[in-house]
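Heads up, what comes next is one protein chain in two forms, each shown on its own as structure tokens, labelled structure 1 and structure 2.
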Structure 1
């Protein structure tokens, strides 16, 4: 009959060996296996769905960008993304975490609504919810079709092209619900803006 102390010692020793085996198999072999297969079956997606212009990486089609001047003012020739709690910093994802009754959030929403309405020349009531709220990730690559719609005239005016040509590019960048019912329809902003630069410079 072994004493409780030596019994505990044996269990700890067994635990250590088990954890080392687990670390090698689950912590190294498993992710390396998935990486290997993933890099073969879908290399672009495994590497982050990058968008290139020549050899330059413009960004990722999955990660939102702020289409703004260095001072933070919006670039009028581009469709604008949603507000971001992290200013689209890829190293600091996250939301504002402001509560539903937060006075600070209410002020922000009112201010954004007024600015966006003026910037696009539309009534304040036409500005949709996603345009005045920050996303969960701070990196939301998408806007609602309603937010894209109120930006079409302004972008067309800035680029000196008819609105329906811009509208056609918006349609091409619009994605419906997955399988028709999962999630919500959205417009991929980076892809839309890249297409604008290519086709309606």
Structure 2
């Protein structure tokens, strides 16, 4: 008959072996396998859907960013993204936690609407909802076609080109509904701004 001490020792050793096997299998082999499959099937997505200009990484098509001066003022020659409660910081991703009945949120939306209308030279009534509200993550990289449309004339004026040339680039950066009926069309802001710099410097 085994002593309680030796039985405990065998159980500890069996538990340690199980932990080592699980650690190697689930912590090393499985991630390597999934990463390898991702690199073969969809290397661009596996690497973070990065957007390049030559060899320079400009960002990810999955994460929004601000197109602003160092002081935070928007760059008028670029299309602007949705507002971000986290200032586009992936480490602090999240919303403002202000509810629909919040007076602070209503005041913030009114302020944003007035600023965006003035910045783009359009009536406040033309400013769409996504221009004045942050997404739940604060990192939404896309805007609605309506928000892009009110920015076309400003961008064209700042770049000294006809508005229809800018509008063409907006059309090329617009993604339609999935299968023609699922979801809403959207404009990829980063890709659009990269195209502006490449075609309308």
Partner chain sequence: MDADSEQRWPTYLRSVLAFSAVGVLLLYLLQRVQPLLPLSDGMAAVEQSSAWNTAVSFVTNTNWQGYSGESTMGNLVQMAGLAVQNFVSAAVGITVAIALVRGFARTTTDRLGNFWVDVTRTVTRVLLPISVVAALVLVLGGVVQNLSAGVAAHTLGGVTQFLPGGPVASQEAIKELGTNGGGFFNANSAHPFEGPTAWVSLFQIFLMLLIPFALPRTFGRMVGDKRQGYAILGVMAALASVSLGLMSWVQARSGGTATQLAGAAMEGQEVRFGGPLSALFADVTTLTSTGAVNSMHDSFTPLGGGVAMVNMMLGEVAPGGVGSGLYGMLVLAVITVFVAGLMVGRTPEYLGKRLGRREMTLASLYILTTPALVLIGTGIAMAFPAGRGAMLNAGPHGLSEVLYAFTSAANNNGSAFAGLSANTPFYNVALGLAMAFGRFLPIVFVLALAGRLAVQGRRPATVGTFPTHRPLFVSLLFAVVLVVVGLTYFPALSLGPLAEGL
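All figures in this text were calculated on a predicted structure; none of them were measured in a lab. Positions refer to the first chain, counted from 1. Think of the rigid core as the biggest set of C-alphas that the two forms share within 1.5 Å after superposition.
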property	result
Assignment: the form predicted alone	2
Which listed residue lies at the hinge, 22, 36, 57, 99, rigid motion between structures 1 and 2	36
Angle, in °, that the smaller rigid part sweeps relative to the larger one between structures 1 and 2	19
Rigid-core-fitted C-alpha displacement of residue 32 between structures 1 and 2 (angstrom)	3.0
